[in-house]
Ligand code: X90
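Take a look at this single chain, the form predicted on its own, given in structure tokens.
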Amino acid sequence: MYKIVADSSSNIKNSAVVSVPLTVGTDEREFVDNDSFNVHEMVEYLSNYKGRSGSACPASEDWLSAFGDAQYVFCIAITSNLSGSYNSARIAKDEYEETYPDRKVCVIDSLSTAGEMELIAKKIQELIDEGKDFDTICAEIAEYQKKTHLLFCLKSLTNLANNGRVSAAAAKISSILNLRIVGKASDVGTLEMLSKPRGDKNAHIEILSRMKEFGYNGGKVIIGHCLALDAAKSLSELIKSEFANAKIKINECGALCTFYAENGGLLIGYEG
């Protein structure tokens, strides 16, 4: 009856949520963001690759395939300000509902990625389990999004520089000075830089400070990491030192989030 679908930037590895893969590609090869993705292989390859690289969103046909034959579909996409995934999902929704007039699709622009998308998916499942109807769930999720947030902590800016998100000079200076770039997903789904602490310890202190500034008070946290499990664990421990009952989950990033977060990056979704 109900189905939850999310594009793979959510990093969700849960059989209850169908993942629609994005891709990362160069002039030589392509990495599909699915269960067979190998983060070590892609990071090593890109570290030695000097040509163009980029990402591609799912086609509307990919979303349609994921909808299957569900009567009610909840579809979560990476922020529409950084990807065409949401627009592809909207096209799929229109075609699906035109083909099956008795079925409905709720397409959600997460205005974010990674852990914040997973928090939305978890909330949808909770509301389904509570027996809420489709329209009520759509309305309550829109309200829930007002209290979810995403922070990021980047150790490298190489791929962002290569794709024009930041300047090459800024990327080089950040690396030389051992800076971490702490930022957030803005209210309109763009990347907003906040500060440049030096080293992991200072970055984690800054992250927790920003979380509290934006309303965190011990709610759910999902930390995505790119080959940075120790850093993710250290941040988790810091959060729990102030919020002992916090429910914190640590995920490994998939291909899309690995491409932009890069080696050592953290993506922190949390309830404010």
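Worth saying up front: this structure is predicted, and the values here are computed from it rather than measured. Each residue number is its position in the shown sequence, starting from 1.
Same protein, other form: the form predicted together with ligand X90, not shown, and the subject of what follows.
- Contact between L191 and ligand X90 in the predicted bound form is found at the 4.5 Å heavy atom cutoff.
- When contacts are judged by a 4.5 Å heavy atom cut-off, G84 counts as touching ligand X90 in the predicted bound form.
- Taking the partner from the other structure, ligand X90 in the predicted bound form has a heavy atom within 4.5 Å of a heavy atom of T79.
- Residue contact with ligand X90 in the predicted bound form: L256 places a heavy atom within 4.5 Å of it.
- Residues placing heavy atoms within 4.5 Å of ligand X90 in the predicted bound form fall in a single listed stretch, namely 51 to 59, out of 51 to 59, 234 to 242, 214 to 222, 199 to 207.
- Each of L111, L150 and A185 is positioned with at least one heavy atom within 4.5 Å of ligand X90 in the predicted bound form.
- In the predicted bound form, L22 is the single residue of 8 to 26 with at least one heavy atom within 4.5 Å of ligand X90.
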